[in-house]
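One chain is shown next in structure tokens, namely the form predicted on its own.
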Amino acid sequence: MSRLAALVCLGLLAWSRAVAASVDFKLVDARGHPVPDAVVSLVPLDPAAPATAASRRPVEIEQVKQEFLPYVTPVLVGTTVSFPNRDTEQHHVYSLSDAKKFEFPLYKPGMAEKVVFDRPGVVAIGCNVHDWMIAYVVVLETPLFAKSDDDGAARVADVPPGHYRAEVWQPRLDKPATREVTIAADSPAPLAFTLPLKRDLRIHRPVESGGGYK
């Protein structure tokens, strides 16, 4: 019986992969301009399959030319993120966010500390030496997520049919935009969102910066 059950499970897994769909998102602001750096996700409202180990592959947020790259990074809960300093000077990398607090004081070039993001939520990361340096890690409990490109487009692949809550987060939103959707096996229509973005309040980088620890 156990062997039969295993074969049934394998058959169901193969069937779910065969009928999985790709879900496209199209994001614009109130003026119709595309919105990059938005994290889109699909939260299953039906019983969800567990995330695979591949969904938690390590990622990097590097420091280059006094900037964090990338600006926004979505990850699954439990993902390890490394912070390589590929700059020519020291930084002071930190986060005071509830989802993850950490600090790398006087972080020298060539260093690459790692952090495990083990709680869901948005983690804002800054540098105490360069005020304009900021990045966000969006820690999700669903493996069905993507980030929008410069055209405001994002695609979530391998989505099993079912009922979901579509969520969109972006640093300039007061709160995530959400919508309940039903995904079928055939190619669903793109999910279009018009996002009420706030003004970008990021500190402008000086034209010539002499700050930091050489």
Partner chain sequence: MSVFRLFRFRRLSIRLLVILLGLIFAALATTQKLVSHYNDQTAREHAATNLDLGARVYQEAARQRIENLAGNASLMSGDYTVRQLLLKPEIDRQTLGSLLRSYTQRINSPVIALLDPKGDLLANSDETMANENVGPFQYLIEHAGDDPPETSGFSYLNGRLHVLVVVPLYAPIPHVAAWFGLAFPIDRAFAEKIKDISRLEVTFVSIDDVTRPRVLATTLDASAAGLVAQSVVANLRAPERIKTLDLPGGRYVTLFKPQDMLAEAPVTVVLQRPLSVELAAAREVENYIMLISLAALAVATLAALWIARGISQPVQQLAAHTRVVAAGDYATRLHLDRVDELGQLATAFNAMSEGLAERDRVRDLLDKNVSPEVAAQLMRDGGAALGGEEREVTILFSDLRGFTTLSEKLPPRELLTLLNRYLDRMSAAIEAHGGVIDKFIGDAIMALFGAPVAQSDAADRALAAALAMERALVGLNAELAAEGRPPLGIGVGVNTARVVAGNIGSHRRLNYSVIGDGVNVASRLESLTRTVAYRTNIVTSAATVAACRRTSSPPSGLLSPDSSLLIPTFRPLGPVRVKGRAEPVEIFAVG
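Positions refer to the first chain, counted from 1. In this text the structure is predicted, and so the values were computed from the model without any measurement.
If you look for the form predicted in complex with its partner chain, you will not find it shown, but the lines that follow are about it.
Engineer: Using the partner position in the predicted bound form, report whether Pro105 sits within 4.5 Å of its partner chain, counting heavy atoms only.
Structural biologist: Output for Pro105 is yes: heavy atoms within 4.5 Å of its partner chain.
Engineer: Examine Gly126 and determine whether its closest non-hydrogen atom to its partner chain in the predicted bound form is within 4.5 angstroms.
Structural biologist: Yes, contact at 4.5 Å.
Engineer: Answer for Phe83 alone: is it within 4.5 Å of its partner chain in the predicted bound form, judged on heavy atom distances?
Structural biologist: It does not: once its partner chain is placed as it appears in the predicted bound form, Phe83 has no heavy atom within 4.5 Å of it.
Engineer: Any chance Ile203 has a heavy atom within 4.5 Å of its partner chain in the predicted bound form?
Structural biologist: Flag for Ile203 set to yes.
Engineer: Of the residues Thr73, Ser95, Thr142, Thr79, which one places a heavy atom within 4.5 Å of its partner chain in the predicted bound form?
Structural biologist: By the 4.5 Å criterion, the partner-contacting residue is Ser95.
Engineer: Judged by heavy atoms and a 4.5 Å cut-off, are Lys101, Met133 and Lys198 together in contact with its partner chain in the predicted bound form?
Structural biologist: Spot residues vs its partner chain: full contact, yes.
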